[in-house]
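Coming up is one lone chain in structure tokens, specifically the form predicted alone.
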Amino acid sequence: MTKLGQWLCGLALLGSAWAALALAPPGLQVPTPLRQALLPLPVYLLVAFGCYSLATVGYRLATFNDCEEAAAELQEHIRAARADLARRGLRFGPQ
């Protein structure tokens, strides 16, 4: 099963449990305070997931490593490609 399938399975499981409790089918008496807390729960979870996502992206951005060797190698490849193209007759504009 792919990761997407796992996430969708978990989401379906949580969603069905939430629907069973929040919609209160006949025969199931959910106390009013619990029902009032259950109804906005998906919105709270969505906001929490958004905050977690922003924090994760911010952390990864803050701890991103520069690759000096890879940058120098890429610049060398660019110079070699420009020299090859110039040898084949391509003219580059002013830079």
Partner chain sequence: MATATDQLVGFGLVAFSLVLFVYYTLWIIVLPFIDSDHGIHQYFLAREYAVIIPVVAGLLLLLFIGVFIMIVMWKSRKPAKKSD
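Just so it is clear, the model here is predicted, and its values are computed rather than measured. Positions refer to the first chain, counted from 1.
There is another form of this protein, the form predicted in complex with the partner chain, and it is not shown here; the text below is about that form.
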item	value
Any non-hydrogen atom of P33 within 4.5 angstroms of the partner chain in the model of the complex	yes
Distance check, D66 to the partner chain in the model of the complex, heavy atom within 4.5 Å	yes
Contact of A70 with the partner chain in the model of the complex (heavy atom, 4.5 Å)	no
Sequence-ordered list of residues in 35 to 56 near the partner chain in the model of the complex, where near means a heavy atom within 4.5 Å	Q36, A37, P40, V43, Y44, V47, A48, C51, L54, A55
